[in-house]
Each structure stands twice: as C-alpha cells, then as structure tokens.
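So this first bit is one chain, no partners, the form predicted alone, shown in structure tokens.
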Amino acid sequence: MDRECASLLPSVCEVLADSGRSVPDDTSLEKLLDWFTELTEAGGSLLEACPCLLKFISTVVHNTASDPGVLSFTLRLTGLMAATEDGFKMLQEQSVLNQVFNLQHWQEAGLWDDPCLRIGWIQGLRSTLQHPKALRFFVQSDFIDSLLQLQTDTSLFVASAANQMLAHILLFFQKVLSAGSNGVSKTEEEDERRIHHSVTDLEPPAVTMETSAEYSAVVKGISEYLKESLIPKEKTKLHQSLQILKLLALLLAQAGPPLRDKLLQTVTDSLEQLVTAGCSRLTLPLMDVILAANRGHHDTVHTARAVRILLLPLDIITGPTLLGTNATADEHPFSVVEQLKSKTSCISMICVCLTNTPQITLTLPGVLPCPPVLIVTAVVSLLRICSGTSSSSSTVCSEVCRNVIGSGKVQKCALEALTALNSSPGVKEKISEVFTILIQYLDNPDSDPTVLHKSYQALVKWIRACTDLSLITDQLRQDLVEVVRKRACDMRWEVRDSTVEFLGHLAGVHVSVSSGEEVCDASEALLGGCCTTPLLREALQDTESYVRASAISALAKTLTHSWRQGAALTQDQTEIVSRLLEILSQDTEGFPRRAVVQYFISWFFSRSSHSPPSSSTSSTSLLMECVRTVLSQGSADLDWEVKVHTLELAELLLDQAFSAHRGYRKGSDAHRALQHPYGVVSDQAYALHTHTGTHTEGVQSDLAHVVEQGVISALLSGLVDCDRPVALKACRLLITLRETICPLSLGALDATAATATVSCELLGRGWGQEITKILGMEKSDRAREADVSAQRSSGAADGGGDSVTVSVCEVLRSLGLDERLDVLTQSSDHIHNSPLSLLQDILTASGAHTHPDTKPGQEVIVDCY
C-alpha cells in the first residue's frame, strides 16, 4: 500500500464508521473490498498495513445505528482479514471474531432481520473458513445450526449464499483432509482451488486428529439435515426440497469418493421416497441429482440404473423399446407417465433427457440398455412427432404426444441431440433417415428461424461424419436443392442468413459421392455446384447487412479451393471482386465491410501459402491490385474493426516480404504475450511462402515493395487512429518492422544504410499531417498561410497542403514507438480508477453530504470503478 492511500485510509474509516455520514454509492464499498482482497492475495497483511481497520471494525460492531451496507461490509472485511492463520490468530486475541460473528448480538440489536446483514455474516464466515483454526472456531461457536436454518431463508439471495457456503465447507476441507491420506494429486488440489475461488492461495495445512473429528461432525450434521429436509412434510414445503436437491446436486458433482459415498449413503432412502412419491415439480432436480451422482464415477450398477431413468421419458414417448420389453415393470412408469401428461413437466423432462443423452451415449456405451443406433432412431421419431407427421407407437401413453407437437423447445433440444450423436458408433447407416427428417424440417413452413438454423447445423455435422454420401438418394439431393433455394428467399432475414451460412459451411466439407471416387466439396456433391455461387451473389444485394456479410464469408469459403489450385478467375469471380470493392467503399453497415476485408485476407493467404510469390498470373495481378485498394480504403474506414482487419492484411504482406530476413518476427509471435483487452486477434495461423536472397539487397527491395503496396501508409495511418485497438496493432507492427529494417546492432549497418534510401510520402492532411507533427517537421503557421494563399492564387482546388517525402527508417526511429506502446497498452482508466482515487471520492462525497450549504440534487456523485 502506498503512503498516500495509507494516510487517507484512517479518514475513510471514520467516514464509514459515522452512522450520520453514510456513503451515497454502495459500489464504493464493493470496490474498497476488492482492493483489500487484492492486497491480501498479493501476500500483504491488512492488519499490519492498515492498523486503523481494527478500530473501525470495533466501532461499527458496537454502533447499532450503522448503515446496513456498512455493517455487511465490515463482516466481510473481518472474514477477509481472518482468511490467513496469522490474521485469524491476531483477531481472535483481540476478541474481534467473537464480536463480529456473534449472532445473539445482531438479533438483540434487531439487525438480523435485514438480509444485507445476513449475507454479510455468511460471506464473512466463508472467507474465514480457509484453514483448520477457522473450522474449529466455526464448530465451537455452534454456527452449523444457524447456517442450516439459512438454507431455506425467505431471501433467495441469502439462501443461495448459505448454499454456497455449505458446499464450500464440505468441499474445501474435504481436500485438506484427503491431501495426506487419499493420494489426492497436486494438480487435483489446484483444480479444486480454482473451482472454489479461495481468498488466499494456501497450501493444505497439516491435518490433526482434532481437525478430522471436527470435520466429521460437520459432515454428519449436514448429511442428517439433507436427509430430513429432502422429504417435504407438506405440499407447501416443496420449495425447501427443491433447494436441498440443488445443493445435493452441486455437492455430488464435485465431491470426492469419501464424501460422495457418505452423502449418498445418508440420503439414498430419502431420494427413493421422492421418486416413489412422484411429485412432478421435483422430477427435474431429482434427475440432476442422479446425473451428478454418476458423472465421473462409473459404478456399473448405479450408472446403468441412472441411464435407464434418464432415457425413460424418451422411451415412453417414442416407444422404440430403448429399455427393453420389461421396462414397465422396473422403472416406475406410471408416475412418470402421469408427469408427462402435464405439458410443462413433459417438456422439461424430455429436454433434460435430450440434453444429457449424447454425452452418456458417447462416453458410457458400456452401460447403455440398447445400441446407440436405437437412440438415434428414437430422437428422429421424436422429431417426427413434434412436427405432427407421426404419432407414437407406444401403447402406454400416446396422449403424451400432444404435449410435444409444435414445441419449439423440444425441437431445438432434439436437433442439438441429433447433431451431437453424429459420431456415435454404428449410426452412419442412419444418414438417409436423418437427412429425410432434417429436410422435412427445413421445408416445414411452421419451423421457426432457430429450428431451421439448428437443422442446417445438424446437416453439416452429419455430412462431416459420413463422408461417403452414396446412401443419399438423388431424390433427397433434389429435395435439398429445392429447400435451400426456397429458404434463400425467405421473408425472415434470420432464415436467409442461416441458409447462406449453410452454403459456406458445405463448401468446407470434403466428401466422396461413392466409395473410391475422388473427393470433392459437399456443396458440389449435394447441390451440384450450380446453385451455390448464384445464390450467394444474389445475397450480396440483400437488404439486411448480416446476410450480406454472411454471403461474403460463404463466397470466400466456396472459392478457397480454386484459389489454392491457382485456377484462373472466371467472369463471375471477377464480377464478384468488383462488387466486393463497391461494398467496401459504399456499404453503410460495418458488418459487410469487415467481411470484405476478411475475404481478401483469405484470398491472399490461400494464394500465398500454396504458390511462390514470384508466380505471376492474371489472378495474382488482380489480387495485388485489389490489396492496394483494400489497404487504402480499409485504413480510412470509420469502423474500427474494419481498420484492424486491414492491418491484419498489412501484417500478411509484411510476413511474406520479411519472414526470410534475419531478425524479423511475425506479429503473432512477437506480441502474443502483449495482447490488449480491446484488441482483435485473428484466430487463423498463417504460413506463407517467403522470398530468398541476400539480406541487404532483399531488405531494400522488399521494403520498397511494401511501400509501393501501401502497407507503410496503412500502418502510419493506424498509429494515429483514435481507436485504441487500431493504434495498438499498428504500433506493434511498426516496431517489428523497425527491428528488421533498421536494427541498432553494429553488424546491421550495411542493411541500415541500404534501407535508408527507401522513402515514403506523407500527405499534408489527415494522418500524414499528424505524423508530420510528431516528427517535428510541420511548417510554421505563417509559412502554412503563405502556402494556402499561393494555392488560392494559383487556383489549386485540393487544399490538402504539401506532401513530405521522408525516409522510412527515419520515420520509424523518430516516432517514439516504444513510448507509444507503453501508453497504448495501459487501460484508459489506469489513473482515475486507482485505489487512491476511490478513497478521495469517498471523502469528497462524504464532505458534500455533510456540508450545511449543500442543496438537494447537488451531491457529489462517487466516481468509483
């Protein structure tokens, strides 16, 4: 803690402790606590750095008129200070812990009824419980009963906080106790610590018999409470059972074998009673508990039982005998059927079943009651029932089908399940059946946009998994062509957008029409290749910007193969390029313009990575001509993402030109550790062909080439851009370029002398004028006025000012790039949102509130972060 903060903190504590001077903005207390937490996590001691905090805590605790927010803050602060054993010992010696967490004190003062105080008490104790001494304090103070009562608090926030604390106690100290006896690895301990967000990064302390006994007593008390609370004493107590089931699911999902076995041993009878009772409101949380109990713990008998329970709703509705012919005698179907007759319960149960079925099918095939192909068949049957084209073959409960007919929620879950089941063993023979139902959904006029989107996704996934499309009949292919053409003209833009995206995804999938045939892309195999490009070209004129952007991206994916082959451009492709340049310069929406720049990035990358840079074709010539235009227009765009993508294109040009030269580091490698939170990072890895040649001659010629292409102008324009991500990326690329063409090492003098002759032009307006200012080369005001007068008298119309020709090396060395990078990598609020600013704001706001001349509405607003 710096001296200024330390000097202000006592005054801030006085303000917070004064009941008549409450803080007007509660977020300032949260930020103050965040600051204290950071100091603690950094290894500092709050008690040593801030001795005034002890007095503050004591004052607030004894002042029953304190603001509830300040009281809650004080409880949480005390817990934070007691999170280390040294801090805990010091607070206990001062009797602070007994004062702060004394329930009777808060109840007698009439403050316990405030949920804000109860949450502070819970969270403060949770922060404290990071070591065995705190657990001993918790047990000896008999806080367990109070905590259990809070599990069903009238305030949902309090009940949730109490649930989380109960889970923290069981899981955190389970790790401590098992560290020495159960072979828990260090990696598992670290994972556990990350999951539970411990306030301090403590190593598990030595376990004593006393600690073990205390933890066992806590586990026993909590387990008995869970057992008794699971069974509702009356219908009005269902809320309590719901809360306990959620807590139990949380515990079972994260507990290790000793604790998990103890919990299951205690609550199994209660869980069976709940299942038998058949309360529909508890069915879903019960299924969550069953899944949690068996997730990651492959006990064959119990897991198989849980899988059968999970598949039961799907078996009842579709009737393909997933569970065998004797299922009705084993699975309590009557109660489940009764719950499925309720539409709300039916939809919820079947969605839980569909959501978890793929994971179980793929990870636990040994405990499935049927082959995976039957599960795929059941999901397809359910989709038919939902669309109303089929009825259930189940004689047990055909009336249940009415609840899922037309249900968009069930349709979406079923499509997601079908998509995930594409890689199940033995299901490729079902591809024709899957195609049929998906095309029916795409053709159904009642399908909503999300259902159509998921149908397209499922198609692509199944095509990827079943690369041999010989099972797809000509009729199915013709049906797909017709439905795609139909949906490309849909009235809803979301549907048109999904259709265009589907065409792009198909182009990226390689399949064979029949065994042994040459591989081609799926769009050619399924759509014949005759409708893809025309539909995408038409989508470039769409009224919705999202559709135009998707069409551009899809075109790039469609043409990638021909780019890589170096094929000559067709007339259609040339016209597409012209249209894209029009969009970049004229489209009023940012999404299509971003897509255009990315289109040319893909084109450049595809050609450069599969053919040497020296190759010259009409296609390459058009590409390089377009690149210059894109760099010029993209760097002047108003959309910051367009400008960042333009710099990515410039980066590719730099990589191609200089990758073979000594000292050059690709931007993605050089700045990987310096990513800015607002920056745009490309997710594509580039590997380009590079030039070869002598270092001195190569650097000079390559630098002149990138200047001619407009790369240097784009980088300098970006450097002075008002958008931080743009300026940051440009600055980093310029530093990389500087280190390559004008290094400071003595051995590079020859190269530096050669590159010093390469110059670039700085225009007398816009970014060129800004760069000129930085270089200190700007003319005086009088000289500029004389130039303007001369231009007017000579009839010059541009009024742009004189351009300046400068050495590229000189510019790179004179711009102060390293200092600019330091500024750009800092957050814009690194000064105003400091702890010092927060303390000053609290004092200022307090002064305004207590000033006698302050009028209503004139209070100082706390500018905390």
Partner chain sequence: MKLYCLSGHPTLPCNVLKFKSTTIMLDCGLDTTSVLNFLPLPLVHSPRLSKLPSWVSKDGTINLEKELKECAGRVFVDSQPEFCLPERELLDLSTIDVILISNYHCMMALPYITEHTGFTGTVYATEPTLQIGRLLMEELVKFMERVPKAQSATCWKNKEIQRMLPGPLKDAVDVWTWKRSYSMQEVNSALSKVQLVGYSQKVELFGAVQVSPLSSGYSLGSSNWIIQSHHEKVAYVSGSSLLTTHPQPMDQSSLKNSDVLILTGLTQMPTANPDGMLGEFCSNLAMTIRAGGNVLVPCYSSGVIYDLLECLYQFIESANLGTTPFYFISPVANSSLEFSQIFAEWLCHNKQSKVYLPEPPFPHAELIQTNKLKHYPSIHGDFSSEFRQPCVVFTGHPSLRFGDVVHFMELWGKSGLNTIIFTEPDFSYLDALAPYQPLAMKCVYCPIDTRLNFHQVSKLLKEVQPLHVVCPEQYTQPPLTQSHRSDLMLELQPPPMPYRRCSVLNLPFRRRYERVYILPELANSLVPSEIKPGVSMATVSAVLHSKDNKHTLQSVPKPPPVPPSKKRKRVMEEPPVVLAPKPLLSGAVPLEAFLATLQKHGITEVKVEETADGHILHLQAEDTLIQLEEDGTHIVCDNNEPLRTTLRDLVLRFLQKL
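Note that this is a predicted model, so its numbers are computed, not measured. Residue numbers count along the first chain shown, from 1.
Below: the form predicted together with its partner chain, not depicted.
Shown alone, this chain has one stretch from 308 to 316, 217 to 225, 127 to 135, 481 to 489 that lies within 4.5 Å of its partner chain in the predicted bound form by heavy atoms: 481 to 489.
D446 is the sole member of E708, E108, E429, D446 with a non-hydrogen atom within 4.5 Å of its partner chain in the predicted bound form. The single contact residue among H239, R464, R665, R402, judged by any heavy atom lying within 4.5 Å of its partner chain in the predicted bound form, is R402. When contacts are defined as a non-hydrogen atom within 4.5 Å, all of G388, S398 and E538 contact its partner chain in the predicted bound form.
Contact check for Q265: every heavy atom lies farther than 4.5 Å from its partner chain in the predicted bound form.
Its partner chain in the predicted bound form comes within 4.5 Å of no heavy atom belonging to Q149.
At the 4.5 Å threshold, heavy atoms of Q104 stay clear of its partner chain in the predicted bound form, well away from it.
In the predicted bound form, T543 approaches its partner chain with a heavy atom inside 4.5 Å.
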